[in-house]
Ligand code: HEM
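Next up: a single chain in structure tokens, the form predicted alone.
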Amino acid sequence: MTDVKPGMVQRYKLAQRVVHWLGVGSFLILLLSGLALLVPQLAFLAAGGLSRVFHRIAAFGFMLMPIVYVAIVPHDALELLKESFTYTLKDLKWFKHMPAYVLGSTKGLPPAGRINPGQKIHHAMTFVMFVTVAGSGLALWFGQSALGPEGLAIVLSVHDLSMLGLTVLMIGHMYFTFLYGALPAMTTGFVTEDYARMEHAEWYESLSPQTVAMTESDDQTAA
């Protein structure tokens, strides 16, 4: 049995966490190797074309990420995509509390489902930016000679703006992760019951009692 403290709730499966970290790692390599072409202070990273090699290897991993996700956990992947683009009146009420939430207060925050409305926006925008950065990247990789000067300028702008958007989303994601102590969700797969109630009350209430993890020793003690 996994050594998990009592009162913990499973939030993510191993496959979901692996795909998440694959995305994080490949994105950071893409960002740094791309900046080597834009920031003079990082030009040394592009020496000898090394950054180009790393960029293309990371691009392959980055574009492979959703394919792996769908292949391993198709139901979870499709459910996440659907939820990310589905909004209700409850979500609008949640957004009214967004300013306080950004500052670290969850007082009066309406109960949310498996992903809260803020996460829905993040996932939806990440998906859109992924499509535009991947599409423009493939155009630059395999069709650059056919784009012409104007086409090349447009595709480059789309690519750079998409990466900028993904970078802003990543910074925001990290901010909320550390603000509300959510990192264990993607390292161990579990979150505390208090966190589950605070961020995803409706989801937590829908869980079966068996979902709340107890260690073997605690089970024996309780007996």
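A residue's number is simply how far along the shown sequence it sits, counting from 1. Just so it is clear, the model here is predicted, and its values are computed rather than measured.
Same protein, other form: the form predicted in complex with protoporphyrin IX containing FE, not shown, and the subject of what follows.
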With the distance limit set at 4.5 angstroms and only heavy atoms considered, check whether 63, 141 and 160 all reach protoporphyrin IX containing FE in the predicted bound form. yes
Tell me which stretch of 73-81, 129-137, 103-111, 86-94 has a heavy atom within 4.5 angstroms of protoporphyrin IX containing FE in the predicted bound form. 129-137
In the predicted bound form, residue 169 touching protoporphyrin IX containing FE (heavy atom, 4.5 Å): no
State yes or no: in the predicted bound form, is some non-hydrogen atom of residue 197 no more than 4.5 angstroms from a non-hydrogen atom of protoporphyrin IX containing FE? no
Protoporphyrin IX containing FE contact at residue 37 in the predicted bound form, heavy atom, 4.5 Å: yes
In the predicted bound form, is there a heavy atom of protoporphyrin IX containing FE that lies within 4.5 Å of any heavy atom of residue 27, even though the partner is absent here? yes
Quick one: from 186, 43, 31, 68, grab the residue that has a heavy atom within 4.5 Å of protoporphyrin IX containing FE in the predicted bound form. 31
Taking only heavy atoms into account, state which residues of 50-88 are within 4.5 Å of protoporphyrin IX containing FE in the predicted bound form, ordered by sequence. 52, 55, 56, 59, 62, 63
